[in-house]
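Just the one chain here, the form predicted on its own, laid out as structure tokens.
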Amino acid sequence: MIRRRFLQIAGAPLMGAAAGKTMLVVAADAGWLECAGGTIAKMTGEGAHAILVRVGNDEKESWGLTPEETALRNRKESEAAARLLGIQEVISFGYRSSELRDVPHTTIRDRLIFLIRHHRPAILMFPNPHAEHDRNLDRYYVGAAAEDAWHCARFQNFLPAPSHGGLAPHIVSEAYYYSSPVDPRRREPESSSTFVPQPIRVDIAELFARKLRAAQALRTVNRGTAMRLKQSLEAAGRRLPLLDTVNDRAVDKLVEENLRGLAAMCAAGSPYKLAEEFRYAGIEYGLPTKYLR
């Protein structure tokens, strides 16, 4: 296997300036912010027009609330968090979270194809369906549908009716696959950067405070996470003093420690203090080397 350098992106414009570009961020659940919030804030700060597509409704992510109340609160809080990152529009499909295996792959794919052709983004972000050791299967289903939509949106015979109605096929030139940094193989470069998305890191140190504020806006998700963590610790005979009393201050501190720890993990081995990781396919993705000379 040919070892290629692990790409690192700092304060310089991302893969050609984001200014003036439209970016479509596809999310299975609230985890999109944890994985990519800093990079999104960096791009919107450079002038990108960002749109968030929430496929799942996060109805399971709460503590002591009904699914209906949970879904409503999480939608409002996700929209508030998106605004803090500079995202201009949030589109919610409303599918029940943790039930996405019952939604046909082509249904999600075709809805994403429609949005790609309508908004004509230059940048697409979506969960990495090839990541290992992630037990949240919704991220696999959404990531696979988004990856398929990215490929199929350029062919007029996929979803032909919108094509005939004026929504012409569209090529998205940059794709960012995001996931939590739990896969031990996540940094292994592949044999060909032409045909395989390559690992990159983005320096988010200057954007971390903004990302943190957005993450802390997800009050319902965060409280549910804190309570389940406390429950699991108690079942194991353990204790986290921070969660002796679960209030807003404790939950916000838990969110900060989690985000900072993940960002430091992503930055390990680089000149950065805090970072996010992606698999990236740029404008030359899929073009044989002989055509690039």
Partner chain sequence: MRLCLLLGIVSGILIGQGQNRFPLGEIPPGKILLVAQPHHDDHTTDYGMGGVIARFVEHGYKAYYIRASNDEKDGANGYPRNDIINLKETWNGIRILGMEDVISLNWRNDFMNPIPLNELREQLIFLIRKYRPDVVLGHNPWEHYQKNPDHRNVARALVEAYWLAGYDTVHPEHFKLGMKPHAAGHFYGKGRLDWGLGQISNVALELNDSQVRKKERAIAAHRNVYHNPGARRAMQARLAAMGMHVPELDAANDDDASDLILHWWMNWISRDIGGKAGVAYAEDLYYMDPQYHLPGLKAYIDANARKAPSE
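Numbering follows the first chain given and starts at 1. Note that the structure is a prediction, hence the values are computed from the model and not measured.
Below: the form predicted in complex with the partner chain, not depicted.
With the partner omitted here, the stretch from 130 to 138, 76 to 84, 145 to 153, 201 to 209 that lies within 4.5 Å of the partner chain by heavy atoms in the predicted complex is 130 to 138. Annotation: in the predicted complex, residues 47, 267 and 273 none come within 4.5 Å of the partner chain through any heavy atom. Contact annotation: residue 238 falls within 4.5 Å of the partner chain in the predicted complex, judged by heavy atom distances.
None of the heavy atoms of residue 246 is located within 4.5 Å of the partner chain in the predicted complex.
None of the heavy atoms of residue 197 is located within 4.5 Å of the partner chain in the predicted complex. Taking the partner from the other structure, the partner chain in the predicted complex has no heavy atom within 4.5 Å of any heavy atom of residue 72. The partner is not shown here, but in the predicted complex the stretch 248 to 277 reaches within 4.5 angstroms of the partner chain through a heavy atom at 254, 257, 258, 261, 262, 265.
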